[in-house]
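We begin with a single chain expressed as structure tokens, specifically the form predicted on its own.
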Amino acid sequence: MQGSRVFLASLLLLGICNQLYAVNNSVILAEEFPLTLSEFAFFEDNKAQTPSEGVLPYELISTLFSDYSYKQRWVYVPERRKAIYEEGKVFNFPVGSALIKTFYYPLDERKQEKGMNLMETRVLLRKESGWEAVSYAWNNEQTEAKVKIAGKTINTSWIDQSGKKRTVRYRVPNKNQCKECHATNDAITPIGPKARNLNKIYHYEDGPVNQLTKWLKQEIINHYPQKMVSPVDWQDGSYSLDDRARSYLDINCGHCHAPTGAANSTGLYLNFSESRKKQLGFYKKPVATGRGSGDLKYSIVPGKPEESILLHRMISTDPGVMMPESGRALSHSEAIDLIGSWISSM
């Protein structure tokens, strides 16, 4: 009898532990956002960012600039459900899915092993009514992140690759600001996880493999095309200047500046599949930029970056001029050099 009790107690404890380290599907679908990130159970270890079973890390070929912050990404799709491939679009994820992204700064970019300063974790939750977005800001102890519906500003610093101390007023967006980037036809939608953006090798614990192959094997997606044109890593100098520039503009601008994006009325389309010179900005007059144009005439003047509105707005940190309009407080120097060189080469 004593042995039976011990055995039953062991089974009960095992069940509790398994529940502790399993994603809480009911929290994803709940009407209210939980107060803390840990309630989702996306991570076995919050501070170490160790994902729970079923939560898969991923990377994009090129990433959105966010004041030089680094990002870690994970995807969760409920068991026995699959995301559906749609050409040129983000995978159509089933209800109950989650996309998780943690923003952080390494304490020292030259020595990543020194650790990182977690800033926020943003989650996109696929509910019955569609996608919803919310941000969680990390505490000073780096043990928990709390929901920030109204957003938050965090003063932080890090040591960059040159050994220089950099500072920034990092902004956790409020719930409505998420729509500034993640909205299509007034509905929240993911930006990054398109098949073409995931078409790269990722070094998983069990070895390196193409992410799309992994997602298919894990039954996260239904299929993907064997042949596709993908962007390149804009930082990789082995690729052509044109490919690098177009890849940067696609991930940083193309989700809004596209026929179906929030900036579709501008007629300036910077998505990766656009090939028409006028729509890409070549000698294109702006529809309505106000002082954002800097008294310049065209979005892009081939051979003359100093006369191109596109570059002018990338350089600016004035909220009424800069592009993107939100998500940054700093200029992206390396990208400015890239796009400037691209325009000069035309």
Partner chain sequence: MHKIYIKIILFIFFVVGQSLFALEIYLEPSLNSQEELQEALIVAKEGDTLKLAKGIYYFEDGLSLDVDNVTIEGEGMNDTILNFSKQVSGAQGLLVTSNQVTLKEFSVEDAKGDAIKVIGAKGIYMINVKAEWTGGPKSSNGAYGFYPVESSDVLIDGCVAIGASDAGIYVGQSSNIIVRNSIAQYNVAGIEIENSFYADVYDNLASHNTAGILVFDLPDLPQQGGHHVRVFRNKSVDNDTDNFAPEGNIVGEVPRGTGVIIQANSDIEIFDNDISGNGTVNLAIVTYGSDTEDENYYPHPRSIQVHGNRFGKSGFDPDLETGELAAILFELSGGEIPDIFWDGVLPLSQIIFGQPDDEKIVLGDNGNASFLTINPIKYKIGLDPVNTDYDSFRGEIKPLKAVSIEGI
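Note that the coordinates shown come from a computational prediction; the quantities given were computed from them, not determined experimentally. Numbering follows the first chain given and starts at 1.
A second form of this protein, the form predicted in complex with the partner chain, is not displayed here; the remarks below concern that form.
Only one of these stretches, 167-175, 71-79, 93-101, 223-231, has heavy atoms within 4.5 Å of the partner chain in the model of the complex; which one is it?
In short, 167-175.
In the model of the complex, does A150 have a heavy atom within 4.5 Å of the partner chain?
Contact with the partner chain, yes.
Hey, in the model of the complex, is A288 touching the partner chain, heavy atoms inside 4.5 Å?
Contact check for A288: yes, within 4.5 Å of the partner chain in the model of the complex.
May I ask you to state whether Y269 is within 4.5 Å of the partner chain in the model of the complex, using heavy atom distances?
Yes, contact at 4.5 Å.
Going by a heavy atom distance of 4.5 Å, is N264 a contact of the partner chain in the model of the complex?
Yes, N264 lies within 4.5 Å of the partner chain in the model of the complex.
So which of T36, Q49, S52, S293 gets a non-hydrogen atom within 4.5 Å of the partner chain in the model of the complex?
Exactly one listed residue reaches within 4.5 Å, namely S293.
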